[in-house]
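What follows is one chain in structure tokens, specifically the form predicted on its own.
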Amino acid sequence: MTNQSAPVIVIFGITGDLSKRKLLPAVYHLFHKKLLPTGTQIIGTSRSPLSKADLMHLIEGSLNDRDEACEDEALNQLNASIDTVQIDPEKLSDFQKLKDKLDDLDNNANHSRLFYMSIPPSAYGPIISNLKATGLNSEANRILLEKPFGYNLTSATEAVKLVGSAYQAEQIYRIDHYLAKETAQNLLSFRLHNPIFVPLWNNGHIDSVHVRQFETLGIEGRVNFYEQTGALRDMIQSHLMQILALTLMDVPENMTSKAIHAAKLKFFASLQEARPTKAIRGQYQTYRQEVGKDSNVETYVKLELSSQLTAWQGVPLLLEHGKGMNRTLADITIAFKSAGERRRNSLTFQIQPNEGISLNLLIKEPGLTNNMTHTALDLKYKDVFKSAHTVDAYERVLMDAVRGDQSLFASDEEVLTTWRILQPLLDTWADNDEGLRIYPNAAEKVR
């Protein structure tokens, strides 16, 4: 166990889909690995009555759905550290009841408090208002927010104002779990500690940068959610834009959270607004059948951005995401220039499914000819770090919030700037299917 002060983690929406798929397994693993400070408490809130036994059953079910075994010691420890509170978001009296419970816990220990909003952003209003009204926004409290951070620039601006009316910037943690993946974390460290790449990290040597994420799955029954979001909002505005910034921003000399966010914001501010003529959108073939209507919501996007920074002028910055594709992957490919070929060498950071780094080189084939062939120097994390404890992205998210480290979270300014960049696409694509390409499920690419 760590020596930090023990937190109380209050989870709003603990019975929801995200909580069951990601958050509850992460909580169990943190207890199992003994990573949380001694005395950590978990409180789940629900509109409907939810007993402690019900919640433990939900946790075990979430792990069973992932084909994971539950160990008695971790379950017992979690059972001793967990509780529930029934809350109607509109009732101030229910939040006073929550505050009383938290105050009672503080009689025994000095807890920091984390309020995890595992609920749609549309439900934030009354909860944040009542947390503020009951004083649960003081300095000892932090709030964790799941994406989407708005649905366009206007709604994102309103959301930032709403949360900012109750909490200070240092208390707000806007979650982007892609930034907590091991390869994403390694981007800045790789650039900082491998000086052979430093003189090459500019438009004099780099031909293009391509960040992509493909999924074989479709929307998996999440009709209401996906009809409100689509591929551009779901993956591009948050995950892929953040990954692009970590790849190309100036590496701060002082790797503090504040310095990292300042460098990311400088990079985002340099990006020109997305041009519809430099973007394509698609929809996998069975989507309309799944949602039961002639929807124009995109399940695939590929767009090209450009930066005004001297180091990156003229370099195509490509972001690509698709559902219903023929494989699952997420990676970043840096393609280097060559006098003889458009693309000779490349450096790829593989985020999923197998995290690692690959350097593609041209090597002479054995024999009497001078034939050259592409080969890769391939590092897989699971092969090199066999004895290391693997930490899931949501485990890292929770631990960083407990530690008060905002490095892997998105700031208000970053969120608003990324929406500004993408707003022209939202405006152009609104309520029409012009240029929408229908592609077969399990497509290799969208043409």
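Start at 1 with the first residue shown and count on from there. Fair warning: this is a prediction, and the values are worked out from it, not measured in the lab.
Below: the form predicted in complex with a small molecule, not depicted.
Among T286, T375, N296, Q352, the residue placing a heavy atom within 4.5 Å of the small molecule in the model of the complex is Q352. The contact with the small molecule in the model of the complex, taken as any heavy atom within 4.5 Å, belongs to R222 out of R222, R344, H205, K99. In summary, the region of this chain contacting the small molecule in the model of the complex, judged by heavy atoms within 4.5 Å and restricted to 166 to 174, 299 to 307, 195 to 203, 209 to 217, corresponds to 209 to 217. Not one of E182, H261 and R396 comes within 4.5 Å of the small molecule in the model of the complex, counting any heavy atom.
The shortest heavy atom separation between R21 and the small molecule in the model of the complex is within 4.5 Å. The small molecule is not drawn, but in the model of the complex it has a heavy atom within 4.5 Å of H239. In the model of the complex, D94 stays away from the small molecule, with no heavy atom inside 4.5 Å. A residue is said to contact a partner when one of its heavy atoms sits within 4.5 Å of a partner heavy atom; M325 fails this definition for the small molecule in the model of the complex, lying far away.
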